[in-house]
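Shown below, as structure tokens, is a lone chain in the form predicted alone; questions about how it binds or moves come after it.
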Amino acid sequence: MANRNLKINIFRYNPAEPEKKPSMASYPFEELPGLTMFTVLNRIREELDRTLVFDFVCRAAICGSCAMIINGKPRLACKTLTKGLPKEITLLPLPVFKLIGDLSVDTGTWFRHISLKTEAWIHTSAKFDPTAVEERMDNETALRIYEPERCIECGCCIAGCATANIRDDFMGAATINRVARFMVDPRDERTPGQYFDVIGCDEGTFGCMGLMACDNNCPMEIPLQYQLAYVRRKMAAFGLGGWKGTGRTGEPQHHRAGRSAS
């Protein structure tokens, strides 16, 4: 079977040159077996247009840098095969985040702001002793922590979120997922009230519309709907005066059957 001839449409705009209006540029490309959008973009930049701007680091779906809108869906370019796409492919930068140029956006500043806003570190009064034996944790608890920790901060869940696209103050699924990670960690000594102050508001868990685009768009297949439900249930219980414990029970499920590998 002959290779397909693809047409790659790419958004082009440099915010440093506002006099040049945003436009779409089209590039022809011959499809090869196993071709990813990451390879396509590198070939275009190396062979057709050296001014093309996009991000990449690991090329292995670990860093999250190459996230972009591919035919209307937030995806990782390095993980997206052209074989599963039509012959005409349109690439756009992720919305919500500040545009650097073409397909490159600044997710780092956004996630740093969220980390500081939610104080995304373990709050403990214990003193660190570098000579002490590391404290052991049971496997079940470790797995509950590991699941939300798989987030690579690519921004796909934020870009696909209806609330985040219309509200600058909404924290989004990645933030709620991160808070869930600390809520199930027995080392974190924050009270239910302290968690409520962080995420129990319209900017946090109660601002979610429940459309679950975040869950559908996560390239790491983190069950964000369970993390969202868990945090919202805890925050609602506290608001009604029903959550007075440490909140270490009723954690979300870790795996969900039927997820595709795409």
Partner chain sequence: MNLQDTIITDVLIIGAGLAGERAAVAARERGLGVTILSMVPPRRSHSTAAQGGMQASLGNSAMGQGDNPDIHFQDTVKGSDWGCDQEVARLFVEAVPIAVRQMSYWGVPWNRVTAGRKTLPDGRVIEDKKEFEGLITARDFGGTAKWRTCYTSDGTGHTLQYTMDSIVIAQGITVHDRTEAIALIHDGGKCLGVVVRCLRTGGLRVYLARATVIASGGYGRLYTASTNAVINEGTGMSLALDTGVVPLGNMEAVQFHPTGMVPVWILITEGARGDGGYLLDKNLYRFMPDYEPNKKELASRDVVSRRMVQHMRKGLGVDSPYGPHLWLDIRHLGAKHINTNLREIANICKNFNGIDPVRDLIPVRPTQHYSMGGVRTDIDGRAYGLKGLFAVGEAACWDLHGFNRLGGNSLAETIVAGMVVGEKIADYALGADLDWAYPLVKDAVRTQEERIAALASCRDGKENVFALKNEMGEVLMNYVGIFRTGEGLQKAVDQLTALYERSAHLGLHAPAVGANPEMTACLRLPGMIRLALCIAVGALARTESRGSHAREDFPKRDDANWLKRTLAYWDPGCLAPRLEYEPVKITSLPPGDRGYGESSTPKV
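Residue numbers count along the first chain shown, from 1. It should be emphasised that the depicted structure is a prediction, and the values quoted were computed from it without experimental measurement.
Form predicted together with its partner chain: not shown, discussed below.
Contact annotation: residue 116 falls within 4.5 Å of its partner chain in the predicted complex, judged by heavy atom distances.
Under a 4.5 angstroms non-hydrogen atom cutoff, its partner chain in the predicted complex has residue 52 among its neighbouring residues. Although the partner is absent here, residue 240 lies well away from its partner chain in the predicted complex, with no heavy atom inside 4.5 Å. When its partner chain is considered in the predicted complex, residue 166 lies well away from it, no heavy atom lying within 4.5 Å. With respect to its partner chain in the predicted complex, the three residues 63, 108 and 139 uniformly fall within 4.5 angstroms at the level of their nearest heavy atom. For the candidate set 201, 236, 211, 58, a heavy atom within 4.5 Å of its partner chain in the predicted complex is found for exactly one residue, namely 58.
Stretch 42-50 is the contacting one of 22-30, 226-234, 193-201, 42-50, since its residues have non-hydrogen atoms within 4.5 Å of its partner chain in the predicted complex.
Although its partner chain is not shown here, in the predicted complex the stretch 180-202 places heavy atoms of 181, 185, 187 within 4.5 Å of it, in sequence order.
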